[in-house]
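The chain below stands alone and is given as structure tokens, in the form predicted on its own.
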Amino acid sequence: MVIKPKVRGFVCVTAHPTGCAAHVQEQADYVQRKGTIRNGPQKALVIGASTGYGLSSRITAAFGSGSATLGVFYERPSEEDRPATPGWYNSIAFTRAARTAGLYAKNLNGDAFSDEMKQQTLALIKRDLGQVDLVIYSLASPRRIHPRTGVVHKSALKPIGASYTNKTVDTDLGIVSDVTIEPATAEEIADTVAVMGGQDWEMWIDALLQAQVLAPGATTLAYSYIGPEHTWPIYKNGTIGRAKTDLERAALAIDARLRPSAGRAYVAINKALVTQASSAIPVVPLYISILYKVMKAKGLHEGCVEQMQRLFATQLYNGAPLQLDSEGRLRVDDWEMRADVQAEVARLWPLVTTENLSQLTDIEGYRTEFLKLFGFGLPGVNYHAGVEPHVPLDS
């Protein structure tokens, strides 16, 4: 099958297995070039391990410190007439690369919110690893079936309290326009917190503790974002921001539970990047396109794997006391939030139109990074050649 990108809205409905493998290898090569992360994790559980920050965390743990990794995710295999999801191909590529390097790598594909998946994970850790010393919680899902109540919660990306109007961009067509988003209802706010907040992270840690498979001194991380005032109504002060506030609540609660065994729990605030999740949020793609332009000009641009390698090597495992912000969070968005960077973004924001989009923003960089998420546009890959889309996952 010759696989070409088919973009619909903010998602690409096809993925290229060879391209996804090249993207994973590109990240692994970067981590290895940066050198060994001394005192890094040795046995890592990554919940949400197939794309974005979760995948890059797994790559960093494995190829930066030689960690055994167990990945949990929910991805769709190929079907008769269409390829698998990119996360499926990413996980196959990672597993092959890790095992070629002599590293343990296994996967569990299913609903990470469910009690059944938690029990499968605990059993596999007990059988193969004994205990884990790093737990990354990086789920990005639009819905959650609560394992105890059976209620289906669906997240909503909306402002709270009042409607919100601002610029956005159709990244496929390159059209800049205003978008108005109506405020969330109380039910939508609660549902978003249920899906994207910290309750499931707590459930995972409780299950690991009760099964005695969390090593003394273990670290657990969840990822979040704050961003500039341009995005606050739809992000920091919106439904997703309310969920991230709950994530921070959970971090404090988990940290208290781990402290007797010298463990630690943190939320890491990361940079705005092109991910499958961020592409779905109105206004944010335009902000990212401007941000990329500014940060690349200043030599400050990072992708997912550069962020995770820096987080692991210079903060989590560098042997020095952690540098936390006033809310107790790790900050890897420090370069994005530099005063000079944000001042330039603020200057450009009101000037951007459909006509000057390519001059004032890095829309092409955005599109390139977006397609790479699905395995397209990687150097050295022959996209005119047929490939086998039906690749089994060793899980």
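Keep in mind it's a predicted model, so treat the numbers as computed, not measured. Residue indices: 1-based, along the sequence shown.
In what follows, reference is made to the form predicted together with a small molecule, a form of this protein that is not presented.
- For the residues S141, T245, T185, N237, the 4.5 Å heavy atom test against the small molecule in the predicted bound form is passed only by S141.
- The listed set L214, M196, I290, V169 contains one residue whose heavy atoms approach the small molecule in the predicted bound form to within 4.5 Å, identified as M196.
- In the predicted bound form, no heavy atom of S155 sits within 4.5 Å of the small molecule.
- In the predicted bound form, the small molecule stays beyond 4.5 Å of every heavy atom belonging to Q309.
- Residue contact check for P41: none of its heavy atoms lie within 4.5 Å of the small molecule in the predicted bound form.
- For the chain shown alone, D255 is not a contact residue for the small molecule in the predicted bound form, no non-hydrogen atom being within 4.5 angstroms.
- Picking from 120 to 128, 206 to 214, 157 to 165, 103 to 111 the stretch near the small molecule in the predicted bound form, with a 4.5 Å limit on heavy atoms, gives 103 to 111.
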